[in-house]
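Here you get one chain, nothing else, as structure tokens; it is the form predicted alone.
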Amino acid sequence: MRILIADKFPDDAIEELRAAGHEVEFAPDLDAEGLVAALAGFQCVVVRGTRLTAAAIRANDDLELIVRAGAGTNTIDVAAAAMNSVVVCNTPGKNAVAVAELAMGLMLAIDRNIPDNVADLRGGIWNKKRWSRARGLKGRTLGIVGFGDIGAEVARRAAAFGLAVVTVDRSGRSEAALQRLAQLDVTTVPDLESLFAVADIISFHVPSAPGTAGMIGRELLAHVRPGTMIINTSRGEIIDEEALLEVVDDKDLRVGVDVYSDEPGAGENTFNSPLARHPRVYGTHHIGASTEQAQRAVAEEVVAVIQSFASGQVRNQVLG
């Protein structure tokens, strides 16, 4: 196959694909517009954060396979791919540990005010009295919204910090999923409102979908208790940022976010985000999956997806 890799990707994984007989072009600096012309003649394209629009998909009759080097496919027009008989696959669960580590890191950073401690010391300020006011995590209740691979990894780490974990009860869970909840000693509550009513910390791990867009909005935020910590390392689209900013001060909320509704994407850019600038918000640069371990695991799965497809089998297909 002729393969275009339009995002960062390990050199050894590229060489592995070439050794298997594929022709690979590596163009990590392409943007959504550049992909429209660049895709010509390729049967497969690999993307991470680069948007793959309907225009790019329709412009290339040779395209057969789109591989998302990650789990979420909100940057890919999956419906357009289906209409053009293009298979979309992803690599679910391969970056779960990395995202869980960042979620826990944000919880600790918020509780101990770590970034502000560092900023003061770098500015020559010693203010131990101010930054000694931590609440502590032990004995708190962590509500996990979205209990898939990442949610489970967060729960495992939360247990080590003495956090009690709750999640929403959901019908149709597999026997394996129910066993995982039991093994991790996770308590279920009937709905999100109930979770918001008992949780000291709420961590979101849901996909971008019509049912999750804007889910952290005025209605749910009305149920959040004062002093709650909110963590979002899933998708920016799930937060109504304006609604959150309306209550963050009044309810003494503390927020950690890695994703935003209007983030500029890869590379360097300016970013004028009222949410990211708010003093009660600790934000990172959508780096949840950006560890060497996670990228290695994702790359290995990308290679496996392509090799399976080349041999006539579809692995990890995402349906539109």
Ligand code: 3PG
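Counting begins at 1, following the sequence as shown. As the structure is a computational prediction, the values presented were derived from the model and not from experiment.
The next section is about a form of this same protein that is not shown, the form predicted together with this ligand.
Within 4.5 Å of this ligand in the model of the complex, a heavy atom is found for not a single one of Gly143, Ala164 and Ser194. By the criterion of a heavy atom within 4.5 Å, Gly72 is counted among the residues contacting this ligand in the model of the complex.
In the model of the complex, at least one heavy atom of His286 sits within 4.5 Å of this ligand. For the chain shown alone, Ser273 is not a contact residue for this ligand in the model of the complex, no non-hydrogen atom being within 4.5 angstroms. Taking the partner from elsewhere, Asn95 is found to have a heavy atom lying within 4.5 Å of this ligand in the model of the complex.
The chain is drawn here without this ligand; in the model of the complex, the stretch among 38 to 46, 274 to 282, 287 to 295, 247 to 255 whose residues come within 4.5 Å of it by any heavy atom is 287 to 295. The single residue of 214 to 251 lying near this ligand in the model of the complex is Arg235, the criterion being any heavy atom within 4.5 Å.
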